[in-house]
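In structure tokens, the next block holds one chain alone, the form predicted alone.
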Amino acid sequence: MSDYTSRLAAFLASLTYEQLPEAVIARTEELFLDWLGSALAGQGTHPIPLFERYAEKMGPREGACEVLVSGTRTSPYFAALVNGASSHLVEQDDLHNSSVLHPATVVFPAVFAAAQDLGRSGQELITAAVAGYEAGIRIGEFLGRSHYRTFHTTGTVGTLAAAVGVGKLLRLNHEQFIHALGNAGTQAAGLWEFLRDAADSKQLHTAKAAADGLLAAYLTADGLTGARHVLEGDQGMAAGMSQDANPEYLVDRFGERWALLETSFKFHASCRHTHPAADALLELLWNEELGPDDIQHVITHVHQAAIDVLGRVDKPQTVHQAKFSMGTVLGLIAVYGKAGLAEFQQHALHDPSVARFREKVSMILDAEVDAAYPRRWLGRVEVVTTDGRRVFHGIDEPKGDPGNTLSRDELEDKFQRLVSFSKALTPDETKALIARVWQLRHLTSVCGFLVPPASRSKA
């Protein structure tokens, strides 16, 4: 057996801040800001208060680690748990295309909590986050498309990505990283079945991935051993969770390819599988000067994973489930010109114009789009107008992709919209926190990172 896990662990153990290109450091700061905004946007919205109450009941009343939505402090495990749940709620956290992994929502809750617990610097947090991204993305690619059909990759692979990030802060060596991966991998879980019932389990996936990854790293540092081949072994993750695993992805171009730079920011507040079609429809409506009443039918040409995930939702029952409804997302785009947090909150479930448009939308499998996925998420829409015309439009890089990314100004604007939505921070606190993130690499400690919180109503 080629020891792919050992080779991955060797890279992780040897990674230093000094090895990181400037572009990687700067992008990590941008991803951190994006994650903070997503986490703060979840304040007070179901089911996040449930996670807060659980942490209050089961965890300590005081600690070094900040719970972002409440401004309280607790242990690293429970801070990672709540912050992991809240940052995946509004569907604005980042995504890496080819691994189909949301890295921020599992890596940052874990490394932020551990860095505060251990008194680490901004540079150490950045290095830990990069390690988590690089490992998580490669493991997601290794498990392949078949894994994603049943398993929510962010829940499964996220556990290992979180463990790796925390392992860097604990200064694990090569051998310990092997065990940390083993201890994280044996806990990896997360199934897509929740979507069919509009259940809340998606937040449990990211909460547990972040917290259990942290648990795996801390226990490993204290001497707990794990499986040496949890990824590629005969009874490892690939054997039980994939039909197309390729271990070469685990060792892909260490130090040459920085997978973190390939991560996409989310522009629309919905499942990422809806974004290519949303962007294509938005451009088509603009180019053709069409309104929602001018359209008889919209056919979206999609990859199979979009059908697997979005096809579970017919008539959405909750705002969160609406974010996985292609028809609802495109209805918001057609009627309101955007599918942001406010549009979902106010119009996704009860607006008759959005509901009517939802019924006009269908998905079909497109061979070109499916062949490009997951490395490229192509958007292709075909519109039949009420006067009988057929209009086709396509986009190759959705807004937020590396080739069509968000600038720092746009990221600041997105952050402000996120915290304004939940009223988590005042405008002055928001500006101060943005400035602090842009200085992350210069901070000698990330303890007490948040500016003093505004008066926050606790649900």
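Throughout, we count residues from 1 along the sequence that is shown. Here the structure is a predicted model, which is why all the values come from computation and not from measurement.
One more form of this protein should be noted, the form predicted in complex with another copy of the chain, which is absent from this view; the next part is about it.
With respect to another copy of the chain in the predicted complex, the three residues 187, 201 and 227 uniformly fall within 4.5 angstroms at the level of their nearest heavy atom. 208 is the sole member of 323, 303, 208, 266 with a non-hydrogen atom lying within 4.5 angstroms of another copy of the chain in the predicted complex. Interface residue among 388, 291, 240, 352 relative to another copy of the chain in the predicted complex, by the heavy atom within 4.5 Å criterion: 240. Interface residue remark: residue 245 is not counted as part of the site for another copy of the chain in the predicted complex, having no heavy atom within 4.5 Å. In the predicted complex, at least one heavy atom of residue 212 sits within 4.5 Å of another copy of the chain. None of the heavy atoms of residue 176 is located within 4.5 Å of another copy of the chain in the predicted complex. Although the partner is absent here, residue 341 lies well away from another copy of the chain in the predicted complex, with no heavy atom inside 4.5 Å. Heavy atoms within 4.5 Å of another copy of the chain in the predicted complex are found in one stretch of 142 to 150, 379 to 387, 245 to 253, 364 to 372, which is 142 to 150. Contacts between 49 to 68 and another copy of the chain, taken as any heavy atom within 4.5 Å in the predicted complex, involve 50, 51, 53, 54, 57, 58, 59, 60.
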